[in-house]
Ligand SMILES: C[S@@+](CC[C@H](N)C(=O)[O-])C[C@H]1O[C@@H](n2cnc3c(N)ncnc32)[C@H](O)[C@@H]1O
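Below, in structure tokens: the form predicted alone, a single chain.
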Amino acid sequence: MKRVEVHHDTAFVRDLFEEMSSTYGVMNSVTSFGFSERWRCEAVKRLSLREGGRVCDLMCGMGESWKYLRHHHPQFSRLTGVDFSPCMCAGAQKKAMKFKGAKVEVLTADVLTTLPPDAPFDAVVCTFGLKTLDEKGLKALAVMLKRLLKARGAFSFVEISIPAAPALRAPYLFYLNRIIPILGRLFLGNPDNYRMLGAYTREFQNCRMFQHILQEEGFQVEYRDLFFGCASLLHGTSLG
């Protein structure tokens, strides 16, 4: 197997997602056998949101989670999507223009360094945006989350993870390392990009580290494994 060096600097990761933007959404759904959509839905469902609440979708991609937000929380009044990839934001902007009911805005920015002008929010959601962050990046995100949320504001994060059970872990890693890059090529993507995503996932493992970081920052947080640990979910509230 070709060895992949993992990079966490912002420019490298942004360029990676810029190049993958045309195939990333389809690849996510196909390579997870549709489970990525279930997990997005589960993350959104876990949000506690009051009538007229305002939501921020971090690392929003092309707005893949918004249909679940509209379904499970139709009472929200405003949505701000934030992503550092201009191509991803362009796709999200197309969805925003078709969105009915609530006001939707898309901000092209690095959430680790840029606070959206309409913060703080009642809720923050992030689906599959954690794996490219190292410990330093996760700590920066936890600090920013305190600024993003109102007192007692809700949050929910979900990320692809590596299952702990040996019987599932071995075939999962084979699929991640060998099969997904081939599928990336079939979908006209660069297989090296999807090989890189596999390397990020292996290094990330699961949301446990971020759980501990959030707890150290004073958040009330609950951890859940999804589908035997193939994804992991964090949800909770800021204590304010």
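As the structure is a computational prediction, the values presented were derived from the model and not from experiment. Throughout, we count residues from 1 along the sequence that is shown.
There is also a form predicted in complex with this ligand; it is not shown, and the following applies to it.
(message) Going by heavy atom distances of 4.5 angstroms or less, which of V111, L149, A102, L138 would be at the interface with this ligand in the model of the complex?
(response) The residue in contact is V111.
(request) Heavy atom within 4.5 Å of this ligand in the model of the complex: which of G91, P120, G129, P163 fits that? Just give me the one. (result) Selected residue: G129.
(message) Can you confirm whether Y172, R195 and A231, the three residues that make up this candidate site, all sit within 4.5 Å of this ligand in the model of the complex, judged by heavy atoms?
(response) No, none of the three is in contact.
(request) Within 4.5 Å of this ligand in the model of the complex, counting heavy atoms only, one of 42 to 50, 201 to 209, 175 to 183, 56 to 64 shows up; tell me which. (result) Of the options given, it is 56 to 64.
(message) I'd like to check something about L226: if you look in the model of the complex, is any of its heavy atoms closer than or equal to 4.5 Å to a heavy atom of this ligand?
(response) Outside the cut-off, so no.
(message) F219 versus this ligand, in the model of the complex: is there a non-hydrogen atom within 4.5 Å?
(response) Judged by the heavy-atom cut-off of 4.5 Å, F219 is well away from this ligand in the model of the complex.
(message) So in the model of the complex, is this ligand close enough to F84 to count as touching (4.5 Å, heavy atoms)?
(response) Heavy-atom contact with this ligand at 4.5 Å: present for F84.
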